[in-house]
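One chain comes next, on its own, written as structure tokens: the form predicted on its own.
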Amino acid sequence: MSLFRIFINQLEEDDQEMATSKKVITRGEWEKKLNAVKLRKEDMNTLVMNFLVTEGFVEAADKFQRESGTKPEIDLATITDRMAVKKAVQNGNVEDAIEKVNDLNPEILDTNPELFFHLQQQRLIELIRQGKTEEALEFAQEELAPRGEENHAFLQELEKTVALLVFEDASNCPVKDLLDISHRLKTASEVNAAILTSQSHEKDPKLPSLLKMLIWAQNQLDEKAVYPHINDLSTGQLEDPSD
């Protein structure tokens, strides 16, 4: 039985309660239910390895493999290459990132026009950031405008980006967020996900999704019962409702 099955079972039990007040579950009762859950160490190790590989912690993944004997789902050498691409985008070196992606697998960009457009858009943003107005306009006209003519969504994105050139002070521009570092990170994450997908690997780690499911299950049960919560996901410690 999984931890989430405990929450669901408890919800089903509470739905059968006729009383209008919430059911009170003591710490002892709740801990007994949790202790009844049997988790295989191998499954936990696989979950950890999945997180390390997906997030690109190659040294930690290598060490964890040697210590636990857990095999990664992909060649760890490819993580280094993937992280090099991600870092290049994060640093604003988009042209270098595109070259690295093509070295890894040319089909990634050939089969994903939206990703390629976003990389080219980020490259345009970097030119604007550097104050290279003429070069930016030429790049937009030659590389992005033709794609905008074929795709209305691309055209809208291009128009938003070019709007940065209209304002001498970018802080007054309605689309100033394009110049924020967070936009680089967004593009880098998109590239990272595409590379993982090309390697037949999940684009997102499983652990955060499981934690979101835990929070969802607790929120559902809150409507039915009073019971010890896991409020701090970093420790996993139970806390009484009155704490």
Partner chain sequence: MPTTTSSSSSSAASSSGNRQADVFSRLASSDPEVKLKALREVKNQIIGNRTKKLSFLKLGAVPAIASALSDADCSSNSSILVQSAAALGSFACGFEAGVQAVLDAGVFPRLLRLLTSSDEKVVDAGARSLRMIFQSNQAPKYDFLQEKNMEFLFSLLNSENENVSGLGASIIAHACGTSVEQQVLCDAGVLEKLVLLLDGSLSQREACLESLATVLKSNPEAVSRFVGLEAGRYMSSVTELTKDRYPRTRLLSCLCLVVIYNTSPSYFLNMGTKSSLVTTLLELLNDPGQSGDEAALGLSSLIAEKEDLQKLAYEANAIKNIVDILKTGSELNPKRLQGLFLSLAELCSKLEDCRCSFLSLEMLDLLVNELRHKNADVRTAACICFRNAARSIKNLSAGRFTTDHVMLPLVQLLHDPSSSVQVAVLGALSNIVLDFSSPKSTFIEYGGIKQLIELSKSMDPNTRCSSLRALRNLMFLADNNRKELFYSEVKAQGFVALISDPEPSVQEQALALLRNLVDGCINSIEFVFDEDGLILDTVGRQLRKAPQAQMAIQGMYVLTNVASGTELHKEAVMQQLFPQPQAESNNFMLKFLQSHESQLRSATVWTIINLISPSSPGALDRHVKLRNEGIIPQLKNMVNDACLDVKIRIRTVLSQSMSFGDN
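Residue numbers count along the first chain shown, from 1. Not measured: the values here are computed from a predicted model.
Although not depicted, the form predicted in complex with its partner chain is the subject of the following passage.
When contacts are defined as a non-hydrogen atom within 4.5 Å, none of Ala88, Gly92 and Asp177 contacts its partner chain in the model of the complex. When contacts are judged by a 4.5 Å heavy atom cut-off, Gln141 counts as touching its partner chain in the model of the complex. In the model of the complex, at least one heavy atom of Asn105 sits within 4.5 Å of its partner chain. Although the partner is absent from this view, Thr197 contacts its partner chain in the model of the complex, with a non-hydrogen atom inside 4.5 angstroms. Mapping the unseen interface onto this chain, Pro146 counts among the residues with a heavy atom inside 4.5 Å of its partner chain in the model of the complex.
Only one of Ala84, Leu165, Ile74, Cys173 lies close to its partner chain in the model of the complex, with a heavy atom inside 4.5 Å, and it is Leu165.
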